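As a starting point, one isolated chain is supplied in structure tokens, in the form predicted alone.
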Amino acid sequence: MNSRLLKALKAHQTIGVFSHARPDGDALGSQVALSIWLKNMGKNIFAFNPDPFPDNLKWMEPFFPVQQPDANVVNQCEAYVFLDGNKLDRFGEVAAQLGSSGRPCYMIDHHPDPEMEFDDGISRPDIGSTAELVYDLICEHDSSAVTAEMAKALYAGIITDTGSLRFDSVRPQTHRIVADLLESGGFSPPEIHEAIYDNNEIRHLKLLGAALKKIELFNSNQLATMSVTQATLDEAGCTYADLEGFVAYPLSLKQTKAAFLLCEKDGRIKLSLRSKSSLDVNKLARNFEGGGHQKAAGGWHDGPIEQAVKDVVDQASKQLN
């Protein structure tokens, strides 16, 4: 299944490995694991991301160095691998130019509708995480190649992108992979779960309290929104990154079919869209400069935030009807 990409990677000695901007657990977990594996195969590997590790994923930083993509370093690479994204502009300004560099660009990703700017790769929108694809690639080459650090990184990628194994995208094979990672990594689930989810400070809880007050319900409670202004973030001493996971609260309401987190960011409104029904938030996000998966997607709106709420709810209502 992955033999063509394996052959291509083996043919290069110096490889740049990118994860998408504003990285999450799946992006960084996949990147760290793939980079370690390629290095252990004797390759010269540079890992790039335009943004730093989020606080809850900094425990992965010692596993493999990830640097900002300086053009002088990037140009030393013979080829590039892009993880957890299927459009070059998702990986930052430097990466966006690499499609015309004349060097091979490979993709490993699970998002729908990939751009045709990659030379080869793996695209599986039916799979719950890129980490699962990286695991399969590594094991197709050598099932004993997964080290303890790789196992922890891949496990983090899987649990963060599958809602701790509760999303529709989770397959029986996902659980088999997780079992193998736990065995080969020699760690327990609480070790990684606590590092990712149980490291909040009091400011996070104050922000959550303020955000919960801003939940609104529409269409007979089928749609829920949570709105967060920059003033709310400032008052709590938080940033946009501290909103990670907040959209799960309105989504958890009994009759709600989809929930939308809207937050002021960089002078615009950042949208985080989630569904637990047939409502396709990937299609919804396409109306707002975004995309993603059927059950999880993101986008942007010019604002103000009240207008963004109205427009997102109106578009979602059309799907419901």
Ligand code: 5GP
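Being a predicted model, the structure only gives us computed values, none of them experimental. We number the residues from 1 along the sequence you see.
Omitted from view is the form predicted in complex with the named molecule, to which the following refers.
**Student:** Taking the partner as it appears in the predicted complex, which of 65 to 73, 44 to 52, 283 to 291, 27 to 35 has residues with heavy atoms within 4.5 Å of the named molecule?
**Tutor:** Going by heavy atoms within 4.5 Å, the stretch is 283 to 291.
**Student:** Does the trio Lys7, Lys39 and His141 actually contact the named molecule in the predicted complex, every residue with a heavy atom within 4.5 Å?
**Tutor:** No residue of the spot touches the named molecule in the predicted complex.
**Student:** Indicate whether the named molecule has at least one heavy atom within 4.5 Å of a heavy atom of His111 in the predicted complex.
**Tutor:** Yes, His111 is a contact residue.
**Student:** Can you tell me whether Ala297 touches the named molecule? I mean in the predicted complex, with a 4.5 angstroms heavy atom cut-off.
**Tutor:** Contact check for Ala297: yes, within 4.5 Å of the named molecule in the predicted complex.
**Student:** Lys257 near the named molecule in the predicted complex, any heavy atom under 4.5 Å?
**Tutor:** It does not: once the named molecule is placed as it appears in the predicted complex, Lys257 has no heavy atom within 4.5 Å of it.
**Student:** Consider Asn56 of the chain shown here, and say whether it contacts the named molecule in the predicted complex, taking contact as heavy atoms within 4.5 Å.
**Tutor:** The answer is no: Asn56 has no heavy atom within 4.5 Å of the named molecule.
**Student:** Of 64 to 97, which residues get within 4.5 Å of the named molecule in the predicted complex if you count heavy atoms?
**Tutor:** Sequence-ordered list has one entry, Arg90.
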